[in-house]
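A single chain comes next, written as structure tokens; it is the form predicted on its own.
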Amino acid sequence: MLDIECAARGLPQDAPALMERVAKSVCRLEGIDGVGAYVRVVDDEAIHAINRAERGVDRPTDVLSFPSIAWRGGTARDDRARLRREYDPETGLCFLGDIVISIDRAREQAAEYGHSLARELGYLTAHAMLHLCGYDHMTDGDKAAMRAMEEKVMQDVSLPREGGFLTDEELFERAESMLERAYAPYSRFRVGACVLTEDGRTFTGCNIENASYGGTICAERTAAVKAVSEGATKFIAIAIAAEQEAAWPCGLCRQFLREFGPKMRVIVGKKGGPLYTATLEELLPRSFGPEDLLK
């Protein structure tokens, strides 16, 4: 079903069999069979070049999908006529498209989120295969449907999400989705944020300006307040999205976030641009926190 080419070092020997199993699970849960896809495993340099050439994105990403079928609304299960038109008598399969996976990013993300490389490769394969089947995450509804299918697949192949952690790109997508809700009539500088908590939950927020200026609240604190109000007081990471340029947290936000995650990861970027990361310790060195009140 999968034609896998490894053009990078470090792919575990048993990885192709796992990726094949994940792809078959996607098709079984989608209710389709007799399909194929081409998968190329590369390093960060190669996927960076593909991103730049094909998407105008000047950075490496973890996975890319290039569907060969333009689905007419819905997903593969809803458009079997188009699927049949991709039938290749030489292979006996209907070709879904191409997938590119960065083994470098997969390894880094597995380490960052505390789960196995097998789990990360399985997730990236499921995510890419679902894209080939017509799933997407451009709207909240589409995103929810795709995430639900991803989790079904991972459960089906016994690779459930460990700790509920999301990739940097997923966190940034959620932060980016809040830009349209920002209330910024004075600065016109809209910002969205997404906090990841220790128990795997995420909370989003946007900047909310006020005519008094002093009453303005940043997106980071909006997301943080929503998290704390729901009982989540230990943060692992925060993603911050802006439209015009990468927006690092202001001093007040850095101190506010330090209360709930002194070692948390901070991910910033703008629409269509590269993502930058740092730890809160790097952004707020020699900081003051709750433990200092006990001295």
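Because the structure is predicted, anything quoted here is derived from the model rather than measured. Here the rigid core means the biggest group of C-alpha atoms that line up within 1.5 Å when the two forms are laid on top of each other. All residue numbers are counted from 1 along the displayed sequence.
What comes next is about the form predicted together with a small molecule, which does not appear here.
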**Message:** Please tell me which of Ala106, Ala126, Ala219, Leu196 lies within 4.5 Å of the small molecule in the model of the complex, judged by heavy atoms.
**Reply:** Ala219
**Prompt:** Of Glu150, Glu120, Asp168, Glu209, which residue is found within 4.5 angstroms of the small molecule in the model of the complex when only non-hydrogen atoms are counted?
**Reply:** Glu209
**Prompt:** So which stretch, 136-144, 80-88, 188-196, 94-102, is the one near the small molecule in the model of the complex (non-hydrogen atoms, 4.5 Å)?
**Reply:** 188-196
**Prompt:** Any of the heavy atoms of Ala53 lying within 4.5 Å of the small molecule in the model of the complex?
**Reply:** no
**Prompt:** Pro249: heavy atom within 4.5 Å of the small molecule in the model of the complex?
**Reply:** yes
**Message:** Gly192: after superposing the rigid core, is there a C-alpha shift of 2 Å or more between the shown form and the other one?
**Reply:** yes
**Asked** Superposing on the rigid core, is the CA of Arg221 displaced by 2 Å or more between the shown form and the other one?
**Response** yes
**Message:** So that I can tell if Glu120 moves, could you say whether its C-alpha shifts by at least 2 Å between the shown form and the other one after the core superposition?
**Reply:** no
